[in-house]
Every structure is written in C-alpha cells, then in structure tokens.
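Below, in structure tokens: the form predicted on its own, a single chain.
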C-alpha cells in the first residue's frame, strides 16, 4: 500500500496544510492586509497542493514523484514569502513549509 510507505510524508503534508490554513486566516486579520497579499495567496496555493498530494497518495496515485516535485516548489515559495514577515503565524508556517518541501523532494 502506497499510503503506508508514505505515512511520515502524509503527516508532514497534513501539518503543512494546517499551518498554511492558519497563516492564511491570521494574515487576513492583519492591519496591513495589502502587505500580506502574496503571503495569503501562497498560503492558499500551498495548503491546496499539500491537501491534494495527501489525498492522491492515500488513493495510490501513480504520479507521486511528479506531484511531490510540484508540491516541494510551492512549499518552498510559500516558506520564503512567510519568512519575510515577523508574525509568529508566518514564521511557524515557513518552518512547516520548508520541512514539507524537504520531505517532498526526498520522494520526487
């Protein structure tokens, strides 16, 4: 079963998705929302690809490595954007994104 051999990755993807969703919501509540626009956009992209890859692995997709490669690219972009902001939610999100990008690259 593909999902059993990728159990750690599934957990990492889920954690990244959760942090991105939290960051997205918290960014929407910041005073200078225009400054957070790119962070918000990338939080959505990242949460969506992580959720999709988690589901795809669970159902045994034959495209794990291709999807993981795309996911790593998006996670890294989101992490780099979040890292620019001092908010705690952005810093925690960046950490989760970089961890997820690394995990995805290891199977890509």
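This structure is a prediction, so every number in the text was calculated from the model and none was measured. Residue numbers count along the first chain shown, from 1.
The same protein has a further form, the form predicted together with another copy of the chain, not shown here; the description that follows concerns it.
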**Report entry** Non-hydrogen atom contact residue 84 with another copy of the chain in the predicted complex at 4.5 angstroms
**Finding:** no
Query raised in the report: Would residue 21 sit within 4.5 Å of another copy of the chain in the predicted complex, counting heavy atoms only?
Result: yes
Query raised in the report: So, in the predicted complex, is residue 88 in contact with another copy of the chain at a 4.5 angstroms heavy atom limit?
Result: no
Query raised in the report: Is residue 17 a contact residue for another copy of the chain in the predicted complex, using a 4.5 Å heavy atom cut-off?
Result: yes
Requested in this report: Decide if the three candidate residues 80, 103 and 107 all line another copy of the chain in the predicted complex, where lining means a heavy atom within 4.5 Å.
Outcome: no
Query raised in the report: What are the residues of 30 to 52, in order along the chain, with a heavy atom within 4.5 Å of another copy of the chain in the predicted complex?
Result: 30, 31, 33, 34, 37, 40, 41, 42, 44, 45, 47, 48, 49, 51, 52
